[in-house]
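Before any questions on binding or motion, here is one chain by itself as structure tokens, the form predicted on its own.
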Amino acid sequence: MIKKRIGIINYGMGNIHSVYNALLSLGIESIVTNNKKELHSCDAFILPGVGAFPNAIKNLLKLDLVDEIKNQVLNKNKNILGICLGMQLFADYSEEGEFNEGLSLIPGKVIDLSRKITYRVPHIGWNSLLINANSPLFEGIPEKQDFYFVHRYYFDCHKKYILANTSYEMMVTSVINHNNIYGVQFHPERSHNTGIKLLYNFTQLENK
């Protein structure tokens, strides 16, 4: 096991303690914090998320975390995993509520699913992954395993960034990656053993 300290970024939204408990069950050291000095001591980060994009980006700006996240990820090349809303925050912008700029870590935009499909929105429940590309994030995880989703918006980006999709009338982006930046639309911390395995795999990734 690679020993790393994971910083769970606390910006007032998300299943923060569920993620912390999942890592604790794996014996992975982690800290829940929005303190920049404490973030400096971390080897990798998780940006969890449940809630609305406008509130999330406002909270990150208020806490002065936007530039810090970019510095740690883009300049220091530390790995980051965005979960659900956390993944969507990686986009250039979101149309949720009103136009809001994101972190621009992976080129793309966040779009309302209800404009694209006739299925029930929000998308809530268990759905399988259709893996498009090999990644150590999926080590030991067979294709078509179910993960737990709950979201109204989806990440629209170039296919070169998409590691996996989920079929929900259309192909919905479910896992993205660009260099040391990873995102999942589902909640691994709520996806039983398979989700916990994915979280473990993330913590074992070498920094690029």
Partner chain sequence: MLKKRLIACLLIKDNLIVQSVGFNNYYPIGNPSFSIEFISRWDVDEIILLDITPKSERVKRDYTQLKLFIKKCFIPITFGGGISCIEDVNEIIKSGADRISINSNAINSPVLVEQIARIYGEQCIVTSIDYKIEKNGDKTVYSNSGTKNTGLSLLDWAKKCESLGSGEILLNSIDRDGKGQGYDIDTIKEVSSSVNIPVIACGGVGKFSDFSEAILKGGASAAAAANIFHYVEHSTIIAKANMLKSGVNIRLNKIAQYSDRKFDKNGRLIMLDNDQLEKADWAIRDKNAILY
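Residue numbers count along the first chain shown, from 1. Fair warning: this is a prediction, and the values are worked out from it, not measured in the lab.
Just so it is clear, the following notes concern the form predicted in complex with the partner chain, a form of the same protein that is not shown.
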query	finding
Residue among 163, 50, 63, 28 with a heavy atom within 4.5 Å of the partner chain in the predicted bound form	50
Sole residue of 121, 131, 73, 111 within 4.5 Å of the partner chain in the predicted bound form, by heavy atom	121
Partner-proximal stretch of 141-149, 170-178, 64-72, 30-38 relative to the partner chain in the predicted bound form, 4.5 angstroms, heavy atom	141-149
Exercise: residue 125 in contact with the partner chain in the predicted bound form, heavy atom 4.5 Å	yes
Residue 22 within 4.5 Å of the partner chain in the predicted bound form, heavy atoms	yes
Triplet 57, 135 and 183 all within 4.5 Å of the partner chain in the predicted bound form via a heavy atom	no
Sequence-ordered list of residues in 7-21 near the partner chain in the predicted bound form, where near means a heavy atom within 4.5 Å	13, 14, 15, 17, 18, 21
